[in-house]
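Single chain ahead, written as structure tokens, the form predicted alone.
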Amino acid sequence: MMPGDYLSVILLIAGSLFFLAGTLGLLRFPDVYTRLHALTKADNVGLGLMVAGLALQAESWTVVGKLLLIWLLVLLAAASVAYLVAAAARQRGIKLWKR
């Protein structure tokens, strides 16, 4: 294995750990707002790390560009969907969690 392969594996594992953290946040956090925060932040960082790991293995700059475009579209979609879910929750009267 080449040194770039090791870095790629590290980035892919780190991305997987962020996805795992987001999933745990979804299951463990008490209300819809904190769950949304866990999912959007952890999944976006996790996908960014995965894209970086895959970009190191890409054969051309075209593939790297496509990976970055996918990440950008997912970032935009995640932010839009999180906003819509939070707005719907607020409209239904779901309160913020307090101790």
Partner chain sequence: MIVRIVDRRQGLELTPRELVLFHLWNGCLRAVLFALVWWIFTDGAMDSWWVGVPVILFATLVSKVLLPPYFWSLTGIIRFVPFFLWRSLYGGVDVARRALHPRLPISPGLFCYPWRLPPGLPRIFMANVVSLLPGTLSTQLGEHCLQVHVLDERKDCLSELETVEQRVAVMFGISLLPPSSGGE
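Numbering follows the first chain given and starts at 1. Note that the structure is predicted; figures quoted are calculated from it, not measured.
The discussion below concerns the form predicted in complex with its partner chain, not included here.
Its partner chain is not shown here, and in the predicted complex it never comes within 4.5 Å of any heavy atom of residue 12.
Proximity of residue 98 to its partner chain in the predicted complex falls within the 4.5 Å heavy atom cutoff. Mapping the unseen interface onto this chain, residue 80 counts among the residues with a heavy atom inside 4.5 Å of its partner chain in the predicted complex. Among heavy atoms of residue 69, some come within 4.5 Å of its partner chain in the predicted complex.
For the partner-free chain shown, 24, 25, 28, 29, 30, 33, 34, 36, 37, 38 of 22-38 come within 4.5 angstroms of its partner chain in the predicted complex, judged by any non-hydrogen atom.
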